[in-house]
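Single chain ahead, written as structure tokens, the form predicted on its own.
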Amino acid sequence: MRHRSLGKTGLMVSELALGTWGLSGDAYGPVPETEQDAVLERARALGIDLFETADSYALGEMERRVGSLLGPHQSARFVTKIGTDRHSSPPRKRFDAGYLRQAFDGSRRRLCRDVVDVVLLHNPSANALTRGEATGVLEELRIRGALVAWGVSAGSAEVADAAITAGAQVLQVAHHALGSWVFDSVAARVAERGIGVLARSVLGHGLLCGLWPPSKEFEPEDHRSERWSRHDLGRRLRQLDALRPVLGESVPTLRAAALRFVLANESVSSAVLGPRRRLQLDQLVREAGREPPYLSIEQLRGLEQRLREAGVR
């Protein structure tokens, strides 16, 4: 497992990270606890040392599981997200100082760590960042030594830009071959300021595996059931054709092409994977490739051209 610097935070992290939203059961449906443990332990055995979670995943149970299994291993790095109050009815976003301090203390306790490596604000609005209350709390915690670095999990280009202006040291954004516009919009500022980048949704919630028929349907508890209309899904599946010329002996599947597209970007500190099964994790690590160049300059240029022609760029 290769490592990269997480921007200027001083942390070195595995270039593949394990995300736990899918494992928590909140995203795609239930996952047996034995399988959750197996995936976490297998990730560590494969050399992954960066684990991404949130206090809202399974109402904190995912943090507790990560902390219980991996907390004793000081080589493991934890990224968690706060700012979603799922105990209120209905659940809501909260970025006031009192709530965030309480949320951080809960996360630190569940993760079994006196010092948390990275804490991100979980999908705040640009206004929440501009007000400065939320970012001020995290900076205060960093100065106190309760966390190493802080940042923002951003859902839009506006929020990503506001996060950088507010002084975020780490930025988490969706970044994949069919959806990199948020990252692209701030790439120059990220490079200029040395911000660590965690790329999430690197397989587009499974879309880029290239295994779905146009008639694909999702279970009601699966968040993808509301993500795309039938028309949108069909269009997205056709856009996958732009990746197919990359395939060959060294890039055997669309999944491999998608992963290597992300890893070929040197500004990405770590690509966050979201497997729900140990077998899926093994496949992803194997197909991501062992070392650069993950895709050649010619492959990347050709892919970018085809993506523009397909209406993606």
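We number the residues from 1 along the sequence you see. Note that this is a predicted model, so its numbers are computed, not measured.
The same protein has a further form, the form predicted together with a small molecule, not shown here; the description that follows concerns it.
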*the small molecule: the contacting residue among Leu211, Ala191, Ala97, Ile143 in the predicted complex [heavy atom, 4.5 Å]*: Leu211
_One residue of Gly204, Gly71, Gly167, Gly106 in contact with the small molecule, assessed in the predicted complex (non-hydrogen atom, 4.5 angstroms)_ = Gly204
*Would Arg64 count as a contact of the small molecule in the predicted complex, using a 4.5 angstroms cut-off between non-hydrogen atoms?*
no
*Is Arg224 a contact residue for the small molecule in the predicted complex, using a 4.5 Å heavy atom cut-off?*
yes
*Arg77 near the small molecule in the predicted complex, any heavy atom under 4.5 Å?*
no
*Contact flag, Asn265 vs the small molecule in the predicted complex, heavy atom cut 4.5 Å*: no
*Counting only heavy atoms and a 4.5 Å cut-off, does the small molecule in the predicted complex sit next to every one of Arg2, Leu178 and Arg260?*
no
